[in-house]
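Here we start with a single chain on its own, the form predicted alone, put down as structure tokens.
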Amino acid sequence: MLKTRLTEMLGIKHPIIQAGMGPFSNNNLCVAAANAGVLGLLSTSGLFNKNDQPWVYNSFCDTGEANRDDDMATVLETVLKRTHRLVKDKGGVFGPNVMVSAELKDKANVMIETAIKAREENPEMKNTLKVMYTSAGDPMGWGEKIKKAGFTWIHIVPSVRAAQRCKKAGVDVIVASGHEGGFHTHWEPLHSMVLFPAVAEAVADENTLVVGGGGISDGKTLAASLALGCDGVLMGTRFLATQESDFPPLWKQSVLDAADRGTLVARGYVGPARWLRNARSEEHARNTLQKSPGVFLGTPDSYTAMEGGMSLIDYENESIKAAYEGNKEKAMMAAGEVAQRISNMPKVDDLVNEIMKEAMAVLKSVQKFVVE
């Protein structure tokens, strides 16, 4: 068993966070992860897609035992209460992943206030719904509401500069997300081996924890992250390919089938995105080079302001719909670089136990290199 500041702060058994992986439903995965002793995160941005991506929205509602016709706040409240009911007996800990970009400020407020209301009306939920995880936006301005309500606040960043802004905002746990990560990557290709220690050196102290994400899939990479100064790790793709994962069967199998150099970067809805390599995603990359070259130049651009930019998003939506329908020819699936290292689809509890066993063995083995 590994004891870190993250396990102590959150009351979880293992120093692992299961990524939110929005906008796709992961309601059942979150339950399984929390019950396995890691922090489970609920994706919530699928709630924005009722009209433009109903296949994502419907999956979110159905796996969360929510009514598709309810408003956004009611659906989220239903999912939060369901998750609490299914994890409380095992002491599971979870929280929602809320996108806080300027364009989504109103929706983010609804989601945060819904979580606060759920805890206030159900005091027992304070033992399980402990975390508010924010992403895809500036942390400034959110701290008072989140921390006043008693949540541990986690925010994800791609750089030291962004991490320093998190510290200024009062974030409790800063996730440093390397370019190896799946789907939402970043404009600057800063990788985990450099990013983790840089962020830890810049912001970690007695009040601020750092978690590493991007390229993490097993005990070896967990141990390496701890050695680089992290208090724990964030894992997405490895949890995607599990039996309890809510992702479509084609998506999960495609992760297992990924080979060496099995991913690429092309345009995504919120910027650069990492996709599993296939004929469809290679075509998307070529189109991205023509219509959104900033993805490859590290220069942020807006698809709404570019000629033909919206066609990239339409292509993405069509491809994700195909993944849900099991249409392999037209499907495009997001995943991290670690996909090429994943070859099985275990139960979440078995996966976590194997990761922890390996991590402890690695940490013990490296002691042999130390000579007094």
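Think of the rigid core as the biggest set of C-alphas that the two forms share within 1.5 Å after superposition. Numbering starts at 1 and follows the sequence shown. Everything quoted here is computed from the prediction, not taken from an experiment.
Keep in mind that the form predicted in complex with a small molecule is missing from the display, and what follows is about it.
- For the marked spot (Gly40, Thr128 and Ser245), a heavy atom within 4.5 Å of the small molecule in the model of the complex is absent from each of the three residues.
- Exactly one of the stretches 247-255, 220-228, 287-295, 113-121 approaches the small molecule in the model of the complex with heavy atoms within 4.5 Å, and it is 247-255.
- Although the partner is absent from this view, Gly214 contacts the small molecule in the model of the complex, with a non-hydrogen atom inside 4.5 angstroms.
- Shown alone here, Leu351 lies farther than 4.5 Å from the small molecule in the model of the complex, counting heavy atoms only.
- Taking the partner from elsewhere, Ala200 is found to have every heavy atom lying beyond 4.5 Å of the small molecule in the model of the complex.
- Taking the partner from the other structure, the small molecule in the model of the complex has a heavy atom within 4.5 Å of a heavy atom of Gly22.
- Of the residues Trp153, Phe196, Phe183, Phe94, just one reaches the small molecule in the model of the complex with a heavy atom at 4.5 Å or closer; this is Phe183.
- None of Ile146, Ala266, Val87, Met99 but one reaches within 4.5 angstroms of the small molecule in the model of the complex through a heavy atom, and that residue is Met99.
- Comparing the forms between the shown form and the other one on their rigid core, the Cα displacement of Gly22 reaches 2 Å or more.
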